[in-house]
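A lone chain, given as structure tokens: the form predicted on its own.
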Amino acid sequence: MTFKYIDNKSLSCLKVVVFILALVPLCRLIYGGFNDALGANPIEKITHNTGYWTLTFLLITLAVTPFRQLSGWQWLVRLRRMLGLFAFFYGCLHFLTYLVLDQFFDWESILKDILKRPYITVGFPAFLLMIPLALTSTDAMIRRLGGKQWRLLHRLIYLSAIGGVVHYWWLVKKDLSNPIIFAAVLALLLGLRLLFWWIQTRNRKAV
């Protein structure tokens, strides 16, 4: 097996490894919950942890295309769907922790939070934008929408990632090191996509 070209069997094994690794943050939370190791405020710990991994998987998903173009590892695109779904999975856990454990389905309080707290005002629509991405992630939906419309719809991931970074930045009150790192990585990924788009456009005009 080479890194540039791998067979289906090796790719299947790699998918299993990625799947297991992606569940590690959840397993750590479950372990911490059963062993009273989530600190003085376990709800806050769960909320922050699931939000962190939502954003992490969003950026990893966005990194697939530019890294594939730079490395020539075309098989990376076959991991992108799983990575994107894990971003949505942790996003759901993040939202449900807030909805169920923090607010206890108090819709009036939730609405007030959305309107009054800027980080929630930005974070809530960022999560909502992930829903159509997850719902249209199947091969059947790609065929139904058509490749062009599907690609156009899935550009919503850019807005979701930007909203997620802003949400995290505004949430953190003291140490901004992690939000700055996320913002820098996102800026790099979006910059690479713009660069590749410009190169492709120039090459088409040249032809």
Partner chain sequence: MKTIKPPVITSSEITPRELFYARRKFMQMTGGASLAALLPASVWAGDKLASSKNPHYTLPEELTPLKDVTSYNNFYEFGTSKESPAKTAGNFKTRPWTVTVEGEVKKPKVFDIDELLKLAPLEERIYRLRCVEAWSMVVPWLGFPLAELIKQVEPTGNAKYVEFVSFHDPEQMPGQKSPVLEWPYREGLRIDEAMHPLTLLTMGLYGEVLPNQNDAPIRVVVPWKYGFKSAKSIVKIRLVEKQPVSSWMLAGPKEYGFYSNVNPNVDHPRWSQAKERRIGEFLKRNTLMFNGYAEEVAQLYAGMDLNQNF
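Being a predicted model, the structure only gives us computed values, none of them experimental. Residue numbers count along the first chain shown, from 1.
Another form exists, predicted together with the partner chain; not displayed. Remarks below refer to it.
Proximity of Asp175 to the partner chain in the predicted bound form falls within the 4.5 Å heavy atom cutoff. The partner chain is not drawn, but in the predicted bound form it has a heavy atom within 4.5 Å of Asn41. The partner chain in the predicted bound form comes within 4.5 Å of a heavy atom belonging to Trp170. Among residues of the shown chain, Ser71 is not one whose heavy atoms approach the partner chain to within 4.5 Å in the predicted bound form. Listed residues Leu128, Leu111, Leu101, Val77 were compared with the partner chain in the predicted bound form; Leu101 is the one with a heavy atom within 4.5 Å.
You can rule out all but one of 149-157, 43-51, 24-32, 62-70: in the predicted bound form, only 43-51 has residues with a heavy atom within 4.5 Å of the partner chain.
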